[in-house]
Structure formats: structure tokens, C-alpha cells
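Below sits a lone chain in C-alpha cells, taken as the form predicted alone.
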């Protein structure tokens, strides 16, 4: 349990998708203008990563990995080259289901996402979660914890940036820094802050 908790904290803060690995910055910056949309994005990322990473683990280990077809008398069959297509298909299906659920039960949140919700299908941070899972040879439990931790880390980061941008909207900023300019500056400063978590982990 201690190892899973450490993995969860590492996925959320040490390997933070937008601020440490710089993945998913497109939606991270686009949907952090208001706290409402930032919270919605954070919840969606947590849900999609929490579902797709362990689901893709099952597909990879049961169908795609080398030796997965040993039970059928084909121990040399290796379908791992189809991983990318399979992972994207699972992610697309999950996002589609999420979009239908939001449209049915949370229309205000669905409207806040606009065109960005379907773009989660090709969100690099979501795909990276499954690719990291394969590369690091996680177990099913580790994959689930890693997916949830990565999503929560993304949610924390985007909500923090959304709150900062809302506050800075009333600040007297130089013309060149208004809007996206100050968002990049704040993202850089937040990234420096999250880098300290990596240093703390190394020192342990």
C-alpha cells in the first residue's frame, strides 16, 4: 500500500503532466481562463485517465503484449505495434461516453467545454498515461493508481492556474502580458514550484 501511495503522489506532483512533463498544455491554457471550466477539465482528465490507463493495461497484457497469445498456442505472436491505435481507440470511446453523460446530466459543464471536450480524444497527456504505463511495466493496480494520480495532478494544476488568471484579470498588467502572456508566465512559475517536488523525491 505504501508503494501505491508513493506512486500516486509521484504521478500527481513529481511527474505532473502539464507542469513537469509539459504535456497537455493546449487544453491546460485554453480552459484555465475561468475556475468553472478549469474544474470541469480537471474532473474530466481525472475520470478519463483513471479509466483508460487500467483499461489499456488489460488490453495490452491480454491481447497486444508479446506472449499474450501463449494460451492459444501462439507464444511468438507480438501485437505490441498496434498499441498506439488500440490506446487511442479506447480513449476516444471513453471521451465519447463522457461527452454523452455530461450532455445528459451536466449541460452547463458540457457547454463550458465547447469544442475542447472532443479534443480530449487526442490530448497528449491522456495518451502519455497509457504509454508510460507500458514503458514502466506497471501492474494493474499500479496502472489504476498512476492514472488517477496523473489526472488529479492535472486537475490541481489547472484549477490553480484558473484561480490565478481570474485574479490577474483585475490587475493592471502591461499590455504585452495581458491574456495569454501572463498565463505563460504563471505556468512557468508554477512549473518551478512543482520542480521542487522532484528534488524532494530525489533526496528521499
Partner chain sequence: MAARFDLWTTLTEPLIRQNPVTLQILGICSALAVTTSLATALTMSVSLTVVLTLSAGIISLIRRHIPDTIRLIVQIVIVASLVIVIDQVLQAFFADISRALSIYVSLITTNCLVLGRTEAYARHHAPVPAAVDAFGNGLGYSLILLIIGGLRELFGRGQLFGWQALPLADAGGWFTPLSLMLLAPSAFFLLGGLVWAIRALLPEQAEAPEHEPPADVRPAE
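What we label the rigid core is the largest C-alpha set whose atoms superpose within 1.5 Å from one form to the other. Numbering follows the first chain given and starts at 1. Bear in mind the structure is a predicted one, so any value in this text is a computation, not a measurement.
Omitted here: the form predicted together with the partner chain. The next part is about that form.
Asks: Spell out, yes or no, whether the shortest heavy atom distance between residue 62 and the partner chain in the predicted complex is within 4.5 Å.
Replies: Contact check for residue 62: no, nothing within 4.5 Å of the partner chain in the predicted complex.
Asks: Check whether residue 81 has any heavy atom within 4.5 Å of a heavy atom of the partner chain in the predicted complex, and answer yes or no.
Replies: It does: once the partner chain is placed as it appears in the predicted complex, residue 81 has a heavy atom within 4.5 Å of it.
Asks: If you check in the predicted complex, is residue 88 within 4.5 Å of the partner chain, heavy atoms only?
Replies: It does: once the partner chain is placed as it appears in the predicted complex, residue 88 has a heavy atom within 4.5 Å of it.
Asks: Just checking whether residue 166 would be counted as a contact of the partner chain in the predicted complex - the rule being heavy atoms within 4.5 angstroms.
Replies: Contact check for residue 166: yes, within 4.5 Å of the partner chain in the predicted complex.
Asks: For the three residues 98, 107 and 197, verify that every one has a non-hydrogen atom within 4.5 Å of the partner chain in the predicted complex; reply yes or no.
Replies: No, none of the three is in contact.
Asks: At 4.5 Å between heavy atoms, only one of the stretches 48-56, 65-73, 169-177, 138-146 reaches the partner chain in the predicted complex; which one is it?
Replies: Of the options, only 169-177 has residues within 4.5 Å of the partner.
Asks: Taking heavy atoms and a 4.5 Å limit, what residues of 20-36 are near the partner chain in the predicted complex?
Replies: The stretch 20-36, when checked against the partner chain in the predicted complex, contributes 20, 21, 22, 23, 24, 25, 26, 29, 33, 34 at the 4.5 Å heavy-atom cut-off.
Asks: Just checking, between the shown form and the other one and with the core aligned, does residue 99 shift 2 Å or more at the CA?
Replies: Moves: yes, 2 Å or greater.
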